[in-house]
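Take a look at this one chain, the form predicted on its own, written out in structure tokens.
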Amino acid sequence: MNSIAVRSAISGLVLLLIAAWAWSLSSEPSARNLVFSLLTGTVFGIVLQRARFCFLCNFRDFLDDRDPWGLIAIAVALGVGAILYFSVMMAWVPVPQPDRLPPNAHVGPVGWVLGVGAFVFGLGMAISGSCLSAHFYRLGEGSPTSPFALLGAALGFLLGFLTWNPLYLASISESRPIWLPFQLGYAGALAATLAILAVVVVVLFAAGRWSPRPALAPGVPALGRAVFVDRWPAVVGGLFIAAISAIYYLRVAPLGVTAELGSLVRTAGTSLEILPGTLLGLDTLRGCATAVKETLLSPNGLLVVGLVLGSFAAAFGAGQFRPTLPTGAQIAKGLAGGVLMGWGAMVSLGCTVGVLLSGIHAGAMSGWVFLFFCTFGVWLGLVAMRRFGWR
């Protein structure tokens, strides 16, 4: 049996084991969200790995090589996801009202803390080499940096909890969520979202450096390689992610990848009595909510587990699972960048998935604010690292 057949068999076995786990969970009616989260996370991980969808990597490709396709894919994911999200929200909240936000939507408070948190998160992305969601899928590829980035993120969450109360009293308590459909109506908010994204795409087309893409060779082997080995076209990944985001919101909750990590840190910090007895107002705000865990399994936890396992299955089948021992530089960058991302995600109530993606999909101003300041942080971080030879 050749190596390709072995890899395919092992990859298929992993997917079968995930399916068996989902089936075992389905025996309890109350566990349907757990099953859906596990399976959705698996698909999400496969799409992220096959399309190499990472906010930091796509921005870096454009900054270094003027390759616009990754950023265009992000714009596609945001625009198509907003259309699908608005279709759901219009059914749930037909008439936008100031005191009635769409159920569970990540419409967070807008203030200077959000901007600072997003900026720090962007710096952490640049230093560690990926956003948090990408570190989860790269964990499934055997990345030597990702385990330390996630450990650093846990430490960053702890620092975020320790600094939360002063920040809440200084700004967050006075900040208010801004839901654009209430300000502009559904049609106006969606039109504004698509217009901004259209301008971004036009600018990317004008500023990008285009290189010819090899045509897909005819035949089943070539098609199989395009699906299971080669990187998917970036825009295809953006379309899949838009659909996953909207479907998961309709079925479970807004898409996000930091709630479980934050909840684990909060639970440990509370049990060790190193966190404040009360985290002011935290549990009343929209975003990737953290809570003291009372059960082992949660929808967000299984979403992340499915993401890692799905990425592993896709990477192993493609021959892209390549674990290596970390260097000192990789450990340092992972930890340092992770701490910054963890703190930024905690005070911003999410990351590039929970605040940026799900927020913009929901018509939240907080999503756009996060996008702007996070992009600035990424740009400054990449420029500084290139300037001082840290890359």
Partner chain sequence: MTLTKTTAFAFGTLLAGAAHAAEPLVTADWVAENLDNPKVRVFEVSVDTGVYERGHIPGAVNLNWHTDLVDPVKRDIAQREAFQALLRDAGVDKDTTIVLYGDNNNWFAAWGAWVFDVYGLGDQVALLDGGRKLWEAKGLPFDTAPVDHADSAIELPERNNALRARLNDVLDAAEGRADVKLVDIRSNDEYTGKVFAPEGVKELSVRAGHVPNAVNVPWGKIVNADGTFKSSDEIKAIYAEVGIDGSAPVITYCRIGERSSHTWFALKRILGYDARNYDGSWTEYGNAVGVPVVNVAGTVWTGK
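Positions refer to the first chain, counted from 1. These figures come from a predicted structure and were not determined experimentally.
Absent from the display: the form predicted in complex with its partner chain. The rest refers to it.
Only one of V265, A253, A289, L302 lies close to its partner chain in the predicted complex, with a heavy atom inside 4.5 Å, and it is A253. With the partner omitted from this view, the residue of S175, Q320, N104, Q183 that lies near its partner chain in the predicted complex is N104 [heavy atom within 4.5 Å]. When its partner chain is considered in the predicted complex, Y249 lines it closely, a heavy atom lying within 4.5 Å. Its partner chain is not drawn, but in the predicted complex it has no heavy atom within 4.5 Å of G224. At the 4.5 Å threshold, heavy atoms of A198 stay clear of its partner chain in the predicted complex, well away from it.
Its partner chain in the predicted complex comes within 4.5 Å of a heavy atom belonging to A91. Residues of just one listed stretch (257-265, 67-75, 94-102, 153-161) have heavy atoms within 4.5 Å of its partner chain in the predicted complex: 94-102. For the stretch 283-299, the set of residues having any non-hydrogen atom within 4.5 angstroms of its partner chain in the predicted complex comprises only D283.
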